[in-house]
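Shown here is one chain on its own, the form predicted on its own, set out as structure tokens.
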């Protein structure tokens, strides 16, 4: 009887599966393509100047210190968001939070991997597509390859990284990802017209 109860209990246990936001979403219009990027490991990192060198060494990428900049190495990218704040993205499956846990200098590292979703916007009309809802100057002179900033798109906050002359990574909170993808889709269609 105990075996039957255990078997019934195991069969009734709910299954929990985290599904990626925007799974399967993509769009291609004249001059621009949108694609949801694969899941990545991310941390929000805060630290004073005195801790930057040790954290850079532990993360394997030099934390940028200038506004609107990023640094990348071996699949890991650090984006400057403020004088003591970075978004660190690892696209090759390493855990930046674990790397920071090894460091004893003053810092705060919070795992935000499941909070964010990344959307790739590529093509000759990529900047025009993003500029339909983002007031930032995205010309190559003002926002060169490697430039990064926290800004807005329509009604939501995004983190924007220029990955090539005609390509951007748009990071947004998971709860806003439907809005951001729909906004960019409409803007891509307008840019193509």
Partner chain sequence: MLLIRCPYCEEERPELEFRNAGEAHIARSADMAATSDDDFEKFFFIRSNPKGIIYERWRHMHGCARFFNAVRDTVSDRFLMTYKAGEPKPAKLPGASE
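Positions refer to the first chain, counted from 1. Note that the structure is a prediction, hence the values are computed from the model and not measured.
Keep in mind the form predicted together with its partner chain is missing from the figure; the text below concerns it.
- Checking 149, 56, 163, 70 for any heavy atom within 4.5 Å of its partner chain in the predicted complex turns up a single hit: 149.
- Using a 4.5 angstroms limit between non-hydrogen atoms, residue 62 is distant from its partner chain in the predicted complex.
- Using a 4.5 angstroms limit between non-hydrogen atoms, residue 83 touches its partner chain in the predicted complex.
- Contact between residue 135 and its partner chain in the predicted complex is found at the 4.5 Å heavy atom cutoff.
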